Ligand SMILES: Cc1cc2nc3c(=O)[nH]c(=O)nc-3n(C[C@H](O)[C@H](O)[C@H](O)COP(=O)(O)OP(=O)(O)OC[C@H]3O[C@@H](n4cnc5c(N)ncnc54)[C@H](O)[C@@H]3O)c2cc1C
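In the form predicted on its own, a lone chain appears below as structure tokens.
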Amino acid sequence: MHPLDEFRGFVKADEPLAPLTWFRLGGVADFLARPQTIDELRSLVLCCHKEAIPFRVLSSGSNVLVGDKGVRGVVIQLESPAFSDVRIDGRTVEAGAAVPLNALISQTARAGLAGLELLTGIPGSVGGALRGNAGSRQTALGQFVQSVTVLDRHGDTVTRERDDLSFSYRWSNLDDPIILAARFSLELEDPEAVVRRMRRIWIVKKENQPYGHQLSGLIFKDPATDIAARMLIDQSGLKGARVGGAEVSDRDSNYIVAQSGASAADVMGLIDLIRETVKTQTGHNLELQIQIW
């Protein structure tokens, strides 16, 4: 009997992960878990710790490239209502980890709460955006956080207050196994003004990103405040570069587009080519933003 047999109600074996990521690439997970409650999640995590079964948390899949050989252990996807609630009370917003970031931005903007609209167009869910402090060097999600509720290594639900949290460019100290929810503090403003600002930002973002029908991902962190990764890639003559079915986007060179027939190995090969060429041509070491599983 396998240790995970007791969780058959929400754990499935040999599940494909490609449909759950933006690239639509990669192999299967040994096990895919979709717990419906925090108690189910807690029991699963404690079992994994006890049996030394590795596990990962998959958010929206916008920032993950799954390898062609798949993922060993358990992939946990938080998608039930237990992890996707949003509550607004005055200037305070509580959001579950599974809430899409852009849905949260839209909801707060229409409620006349300003701040998050500056992050419009950034893909992902609240949990993933918190862990990686989504945003830019000027404005990022972490600056609006009051507290974050997590499931710790002992299976306890713990609220980490602002004084215990650190955020910097594309980084946070949220190294807990699983983020459950967060509380944000925003500013009151006229809803129409906030929504107009959100829409303007959305238009600008979409003009410079791959087309909606393209399977793509943002690959590198910007290495410095005065230069963007896409500029370094352009300077290195890599716009339109291709490895197999993976191609550097002609709209924003920091995106890789997976064409028909592409594999995860093609994307990884193109990533290696970009890093090596940019290092040779510009002297900059590009650091990955995307997670490779």
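Quick caveat, the model's predicted, so the values are computed rather than measured. Residue indices: 1-based, along the sequence shown.
One more form of this protein, predicted together with the named molecule, exists but is not displayed; see below.
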{"query": "Interface stretch in the predicted complex with the named molecule - options 108 to 116, 121 to 129, 185 to 193, 84 to 92, non-hydrogen atom within 4.5 Å", "finding": "121 to 129"}
{"query": "Q209: touches the named molecule in the predicted complex, heavy atom cutoff 4.5 angstroms", "finding": "yes"}
{"query": "Partner contact for L44 in the predicted complex: the named molecule, 4.5 angstroms, heavy atom", "finding": "no"}
{"query": "In the predicted complex, V64 touching the named molecule (heavy atom, 4.5 Å)", "finding": "yes"}
{"query": "Contact of P223 with the named molecule in the predicted complex (heavy atom, 4.5 Å)", "finding": "no"}
{"query": "Partner-contacting position among V248, V57, A262, A33 - heavy atom within 4.5 Å of the named molecule in the predicted complex", "finding": "V57"}
{"query": "Residues in 257 to 293 close to the named molecule in the predicted complex, defined by a heavy atom within 4.5 Å, in order", "finding": "Q289, Q291, W293"}
